[in-house]
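For reference, the chain that follows is the form predicted on its own, supplied as structure tokens.
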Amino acid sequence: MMTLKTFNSDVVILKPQRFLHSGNFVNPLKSPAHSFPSTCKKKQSISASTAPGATGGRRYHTAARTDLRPCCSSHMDAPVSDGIKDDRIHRITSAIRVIPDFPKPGILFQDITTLLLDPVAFKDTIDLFVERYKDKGITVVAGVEARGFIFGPPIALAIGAKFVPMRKPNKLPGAVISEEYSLEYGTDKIEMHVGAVEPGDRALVIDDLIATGGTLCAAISLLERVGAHVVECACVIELPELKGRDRLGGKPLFVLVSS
């Protein structure tokens, strides 16, 4: 079994501020208590900036660090959001809420369930991914547990690709292949069925959010071990301060919203 030596996907230390990450939330441990409102609210209106951001795409800035910003950018490619597509990105951004103090005090949880409650914004999300990948020869969409299972299947159906779930240990019946990766205080791993992905398959890896990038790195490694070519990784949300895209081994990453 291979161990993927990635940046710690549990605890990340950034200067001058420390963050604790797990799943879809990030904890600014030294933030003052008053920075976390007691009630949940959707993101406020966002003003656009035409200057390209660090990822090469059009970036939109807000005063608060925790605000969601339309991004629609790739590690390698120019932005696809322009004109009517910008409107879709704004709808997606406004449909995602940040829940403070969940699941524990001091944590900001990026909640995509409100996006799923908005059929127009949910369809916008799927459509933007489909438009990007329909002509790239993708043969397999690999969805990372668990929210990759929400976005991956409709994308796969629309582009005529198979969908392969990449699951946590002991969740898949039958023979599986596993990829182990490092955490701060141990290891974790993801698994997929033997034979689900074949040599020569062109793979898209999909998840709802990228933070430190540990899970996506493991997914890439697992797919490449069976001979697949990973064309790109795609996420709805990116937490850029955690620099997950820098740990993908040069694989392109496409995201719609930057937090």
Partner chain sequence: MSAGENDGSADRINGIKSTLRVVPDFPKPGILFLDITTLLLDPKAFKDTIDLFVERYKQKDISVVAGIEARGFMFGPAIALAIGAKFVPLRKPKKLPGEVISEKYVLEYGTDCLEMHVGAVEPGERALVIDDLVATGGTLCAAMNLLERAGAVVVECACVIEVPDLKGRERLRLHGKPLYVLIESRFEPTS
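Numbering follows the first chain given and starts at 1. This is a predicted model, so every value here is computed, not measured.
One more form of this protein should be noted, the form predicted together with its partner chain, which is absent from this view; the next part is about it.
Visitor: Are F129, Y133 and G186 jointly within 4.5 Å of its partner chain in the predicted complex, each by at least one heavy atom?
Guide: The answer is no; none of F129, Y133 and G186 reaches its partner chain.
Visitor: Might R167 be said to contact its partner chain in the predicted complex, defining contact as any heavy atom within 4.5 Å?
Guide: Heavy-atom contact with its partner chain at 4.5 Å: present for R167.
Visitor: With the partner left out here, check for me: in the predicted complex, does some heavy atom of K104 sit within 4.5 Å of its partner chain?
Guide: Residue-level check for K104: no, no contact with its partner chain.
Visitor: Find out whether any non-hydrogen atom of H90 is located within 4.5 angstroms of its partner chain in the predicted complex, and reply yes or no.
Guide: Output for H90 is no: heavy atoms all beyond 4.5 Å of its partner chain.
Visitor: Find out whether any non-hydrogen atom of Y181 is located within 4.5 angstroms of its partner chain in the predicted complex, and reply yes or no.
Guide: It does not: once its partner chain is placed as it appears in the predicted complex, Y181 has no heavy atom within 4.5 Å of it.
Visitor: Can you tell me which bits of 207-241 touch its partner chain in the predicted complex, meaning any heavy atom within 4.5 Å?
Guide: Result: empty, none.
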